[in-house]
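Here you get one chain, nothing else, as structure tokens; it is the form predicted alone.
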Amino acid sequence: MTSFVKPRIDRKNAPVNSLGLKRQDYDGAMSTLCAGCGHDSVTAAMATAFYELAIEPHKAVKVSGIGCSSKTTAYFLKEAHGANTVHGRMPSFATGAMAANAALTYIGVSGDGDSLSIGIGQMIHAMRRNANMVYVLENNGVYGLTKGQFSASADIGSIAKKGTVNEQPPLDPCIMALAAGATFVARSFSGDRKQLVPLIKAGLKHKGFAIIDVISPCVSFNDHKGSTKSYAHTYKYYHKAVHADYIPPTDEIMTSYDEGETMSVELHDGGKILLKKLDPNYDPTSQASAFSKIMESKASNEILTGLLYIDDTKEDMATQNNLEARPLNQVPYTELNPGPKALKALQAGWK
């Protein structure tokens, strides 16, 4: 992977967060993606979310697989821990890292090719374990890094740049996430930063598996007439079901929403997600309602966006398995290796 140093331009009197850091402190290397790629907009949204939440960069972990989407981890949070893993294997790598140090903030970045084909089994098991991470799936319907073959998320009837028509039914990551047990399911669009940034912030503060399926058009291979993942098609069929905003616990809650239109969900850190239901009949805390609404939107060709489902009652992976709260590198050696007597006592218990 080739990366270039991104020049730093500090604006005079640029605002800082509660850590005294500027927005530029959350940047990474210069992007080498195609000009106009939706992934770069998602990268900017992720960096903004970390900046606004005042998360220390060195306490974040970025993980990805292989593909255009997985290159984006190089383009934000240059001081964070990070790893490009084997194609489709990012979720298990992240799960292992969480088991060793659950105190860090984990964000996985993947694509429809990396997640919905070779990596589908990995992703589903991270969901059912409720691993405490945000999983940003940059969805463009093609394998952009290998010249535009249809991916598993391509819609029936979608036309490739060279004229081929897709005849295979698509996999919907949000439907899969609901079925597999993810506790935070959202969909957004790379061109809607106003919606995407609050969703990422809420996902980062949600204790459990948070997936955000982001329609992110590929300008080189899937932004033409006939594509259902193009900018033009997305803008035409874009439908917001639930608007979400994250309110940190230290901030005064200010809202102009009319009573009865807003739902407040308190998270484990004391912060709140404010949900404005644009469809008054939609309940984002009901799994059945989420299933039904997503299927209805497919029938009407709508691209349903917003926070589609949240369950803040299910314990995350670390809590379920009673994992050590301290990072393993901070546990004294005598505790990690208590000696032969302790080993014999342990073995005796299995006889």
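Since we're looking at a predicted model, the values are computed, not measured. Residue positions are given as counts along the sequence shown, with the first one as 1.
Heads up, the form predicted together with a small molecule isn't pictured, but that's what we're talking about next.
- For the three residues Tyr26, His58 and Thr73, a heavy atom within 4.5 Å of the small molecule turns up in the predicted complex in no case.
- Though the partner is left out of this view, Gly203 does not reach within 4.5 Å of the small molecule in the predicted complex, counting heavy atoms only.
- Of the heavy atoms in Gly67, some are within 4.5 Å of the small molecule in the predicted complex.
- Though the partner is left out of this view, Gly144 does reach within 4.5 Å of the small molecule in the predicted complex, counting heavy atoms only.
- Taking non-hydrogen atoms only, Pro91 never approaches the small molecule to within 4.5 angstroms in the predicted complex.
- Here is the short version: of Leu267, Ala102, Ile118, Ala180, the single residue with a heavy atom within 4.5 Å of the small molecule in the predicted complex is Ile118.
- Screening 119 to 127, 204 to 212, 135 to 143, 239 to 247 for residues having heavy atoms within 4.5 Å of the small molecule in the predicted complex returns a single hit, 135 to 143.
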